[in-house]
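The chain that follows stands alone, in the form predicted on its own, written as structure tokens.
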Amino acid sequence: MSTLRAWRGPVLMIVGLLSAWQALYWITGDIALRSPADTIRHSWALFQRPAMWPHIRETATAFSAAIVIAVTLGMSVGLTLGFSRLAGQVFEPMLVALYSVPKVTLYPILLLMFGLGISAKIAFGALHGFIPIALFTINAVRNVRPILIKTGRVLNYDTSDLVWRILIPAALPEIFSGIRIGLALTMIGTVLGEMFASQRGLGYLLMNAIGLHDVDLIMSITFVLIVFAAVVSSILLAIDRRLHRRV
């Protein structure tokens, strides 16, 4: 019975979204949209094309590298600034200011630094994701109970032991919340990077489809990206809730 309750919300949400999508399709027609059934059918056919898989692999490779960089850099910066009060007071406002800047304005600089290859897409994706991860990590470390830090010092832990044995386990639920948000933003940044300056990837295909007004391809790629983001976010949200229940 509890399992049914757990699934009832997601199922109702999916049914509601599909119903709204179908109703919007009836209103706008084929000029701007495709029906859910047509989009699912075209998406399935799209995955049967061999020419599609190099683009999927390109996006998957860029996104994977970007999220690894974003998590590693975000946690490292967040732990450093959260643990050092002076460093946090100096550099946290800079992170917040950088986060408020539209990232698209920074993309030409990244192109000059990394060129038109996959490196620019990885950097653009990581830039979107690492700042929220860093900010969540800073707050998570600051919210660790002082008694835990004092206990580590009584046990003569050095800085690395203090971080790995006390700070990270105690702050992990909040850090993971930042990772969950950072992952979604990293994916957005990676796809945007492919849309603006790339010769391969789902973002590149999406931009070409927009230029050719290929509604089938636009809807299919958008649908695939949304489904992927929804599945990954649901898994991470379930882990996030479990971590918070343990606190």
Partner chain sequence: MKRYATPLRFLVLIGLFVGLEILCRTKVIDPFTMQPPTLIVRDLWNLLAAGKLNKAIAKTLSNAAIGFALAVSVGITAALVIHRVRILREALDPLFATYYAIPVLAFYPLLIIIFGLGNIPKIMIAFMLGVIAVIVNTLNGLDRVPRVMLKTARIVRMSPVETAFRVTLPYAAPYVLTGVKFAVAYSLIGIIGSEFVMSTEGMGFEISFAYTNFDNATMYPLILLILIVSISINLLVGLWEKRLLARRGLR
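Given the structure is predicted, the values throughout are model-derived calculations rather than measurements. Positions refer to the first chain, counted from 1.
What comes next is about the form predicted together with its partner chain, which is not displayed.
Contact check at 4.5 Å (heavy atoms) against its partner chain in the predicted bound form: all three of L17, P93 and L106 pass. Here the chain stands alone, but in the predicted bound form its contact with its partner chain, taken as any heavy atom within 4.5 Å, falls in 82-90 among 162-170, 133-141, 148-156, 82-90. Put simply, of I40, A32, V68, A60 only one has a heavy atom within 4.5 Å of its partner chain in the predicted bound form, and it is A32. In the predicted bound form, L225 approaches its partner chain with a heavy atom inside 4.5 Å. Interface residue remark: A229 is counted as part of the site for its partner chain in the predicted bound form, having a heavy atom within 4.5 Å. Among residues of the shown chain, R49 is not one whose heavy atoms approach its partner chain to within 4.5 Å in the predicted bound form. Its partner chain in the predicted bound form is approached by L237, whose closest heavy atom lies within 4.5 angstroms of it. In the predicted bound form, its partner chain lies within 4.5 angstroms of at least one heavy atom of each of the following residues of 107-139: Y107, P108, I109, L111, L112, M113, L116, in sequence order.
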